[in-house]
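In C-alpha cells, one chain follows: the form predicted alone.
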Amino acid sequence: MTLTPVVMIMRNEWQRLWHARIPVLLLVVLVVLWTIAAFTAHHHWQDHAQNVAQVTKQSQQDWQSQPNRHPHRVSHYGDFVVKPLHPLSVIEPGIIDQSGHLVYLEAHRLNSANFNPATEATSLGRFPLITPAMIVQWWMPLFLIMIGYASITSEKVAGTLAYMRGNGSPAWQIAAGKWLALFLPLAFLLLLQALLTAAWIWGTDQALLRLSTMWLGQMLYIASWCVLVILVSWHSRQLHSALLTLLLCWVCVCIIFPKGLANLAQMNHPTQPRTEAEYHAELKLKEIGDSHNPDDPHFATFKASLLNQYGVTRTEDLPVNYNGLLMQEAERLTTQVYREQHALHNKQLNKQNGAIRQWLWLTPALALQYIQMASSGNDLAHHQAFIEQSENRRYQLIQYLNLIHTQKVDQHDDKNTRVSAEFWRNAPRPPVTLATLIVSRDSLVTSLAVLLGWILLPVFLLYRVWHRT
C-alpha cells in the first residue's frame, strides 16, 4: 500500500483549487474573519476579566473595612462572589452572557447569578458575538462546502474519474487524496490556533487537558465534514445537486437541529420562573416554621428543647444568646428550602441537557459546541458547580456570624451591642475556583462519540458509493 498516489491526488487538487482563485479568496476571507473574531473575543474577555478583578478587589476592601457592628447587620450587609473565568473563554464564551457572573451572598436567601450581559444589552447588542469557536462550528463547514462540492463531481462530469479508475487507481486513494486536500489546510489553521493559545494560557488551570480536548473535538468535527463533502460529491451526478445537498446538510446540522432540539427540550422540561420559585419557597417556609412568630409550633419545640438542654426555664437564663441560636435554626431551615428549590431547577436543566444529548447524533455542530463550552469552563455543569461553591461559602459565612451573635452578643442588650470588626476580617470566605473538567464528563463522552460516529458513518457510506460507481 503506497501513499504516493494519494499525495499526488492531493497536490493536483490543490493546484485545481489554486487556479480556480475563488477557493483561495474564500480561504483569505475565512482567515480574516477568524482574526477579527479572535481580537473581538479577546477584547470582550479582557473587559470582562477586568470587571471581575475590579469587583473582587472592591468586594474584599468593602468587607474588610466594615466597622464594629452587630453580627446580624453584617449578615445582611452581605458579600459578593464573582465567577472565575478560564482564558479559553476567548475561544468559546459559552453561557457566560446568559447565566450571569456575580452572586450576592446574604442571610436567608439563595440568590442566582446576576449581571448577565445578554439581558442587559440593547437590541443590536443581542446579536451573537463572533468567536473563534463559532468560526469553526459554522463557517469552516460552509467554506469546505464551497470549495469541495465539485471535488469528485467535476471529475465525473469531465470523465476523468472513470479514466483514473480505469488506470488502476483505487477508489480509496482518490477519496483519501481529495479528503487530505480539504482537511490539511484547515487542520493547519486549527493547530496554529492551538499553539498560539497554548503559549498564552500556559500555567493556568488544566491548560493542556482543556486545550487538547477542545482541539481534538475541532479536528474530529472538521474531519467529519471533509468526509461528508467527499461522500456527497462522489454520489452526485451534477454540480448543482452536490452544492444544494451540502448546503441543506449545513442548514440542518448547524442551524435547524441545534435550535430545534433546544426548543423541544425547553418545552418538554420547562423551568419555573425565578419569582414563582421564590413564592413556593416562601409558602413552604411558612409551613415549616416562622422564627418571627412566638407561637410557631416548630420554634416553640426548638425553644423547649434548648431550655431542657441547659436546665433553665427562661431564655434570659441561657448562658448564650437565644436570638443567635434562633438565627442559626432559621438559617438552617431557609437554606434547606431554597436548596430544594434550586435542586428542582437544576434537575429540570439537567433533564433538558439529557434530552438534547439523546438526539445529539443528529448534529455534530452541537456536539462540538458542548466540547468547546466544557473545555473553556463555560457550560452548564461548570456554572452549577460555581453556584454550589457560592452557596456553601454563603452558608458557612452566615452561620459563623450567627455563632458570633450567639456567643459574643449580650442577650440583655442585644440590639445595642457592637462586636469587634476583627471577627469580620477572620470570617470564613473560602475562594470560589473553577471546577475541574471532570464535571462535564457526560457531555464530553457523548459529544466525542457523536463526532467519531459522524466520521465512521460517512466513511462507510462512501465505501458503498464508490463500489457502485
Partner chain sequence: MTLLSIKLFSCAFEGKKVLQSLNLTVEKGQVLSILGSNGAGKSTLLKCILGLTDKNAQLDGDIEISGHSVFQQPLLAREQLAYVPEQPAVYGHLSALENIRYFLSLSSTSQVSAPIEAYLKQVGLLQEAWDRPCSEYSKGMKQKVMLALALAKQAKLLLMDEPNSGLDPQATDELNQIILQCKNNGMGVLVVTHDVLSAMSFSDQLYMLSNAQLQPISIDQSTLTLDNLKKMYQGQA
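Note that this is a predicted model, so its numbers are computed, not measured. Positions refer to the first chain, counted from 1.
This next part talks about the form predicted together with the partner chain, which is not shown.
Quiz item: Heavy atoms within 4.5 Å of the partner chain in the predicted complex: which of the stretches 86-94, 330-338, 154-162, 385-393 has them?
Solution: Answer to the contact question: 154-162.
Quiz item: What is the one choice in 203, 273, 297, 168 with a heavy atom within 4.5 Å of the partner chain in the predicted complex?
Solution: When the partner chain is considered in the predicted complex, the option within 4.5 Å is 168.
Practice problem: Report yes if all three of 345, 349 and 357 come within 4.5 Å of the partner chain in the predicted complex by some heavy atom, otherwise no. | Solution: The answer is no: none of the three residues contacts the partner (heavy atom, 4.5 Å cut-off).
Exercise. Report whether the minimum heavy atom distance between residue 19 and the partner chain in the predicted complex is within 4.5 Å.
Key: Within the cut-off, so yes.
Quiz item: Taking heavy atoms only, is residue 9 within 4.5 angstroms of the partner chain in the predicted complex?
Solution: Within the cut-off, so yes.
Quiz item: in the predicted complex, does residue 314 have a heavy atom within 4.5 Å of the partner chain?
Solution: Contact with the partner chain, no.
Practice problem: Look up in the predicted complex whether residue 237 has a non-hydrogen atom within 4.5 angstroms of the partner chain, and give yes or no. | Solution: Looking in the predicted complex, residue contacts with the partner chain include residue 237, since a heavy atom lies within 4.5 Å.
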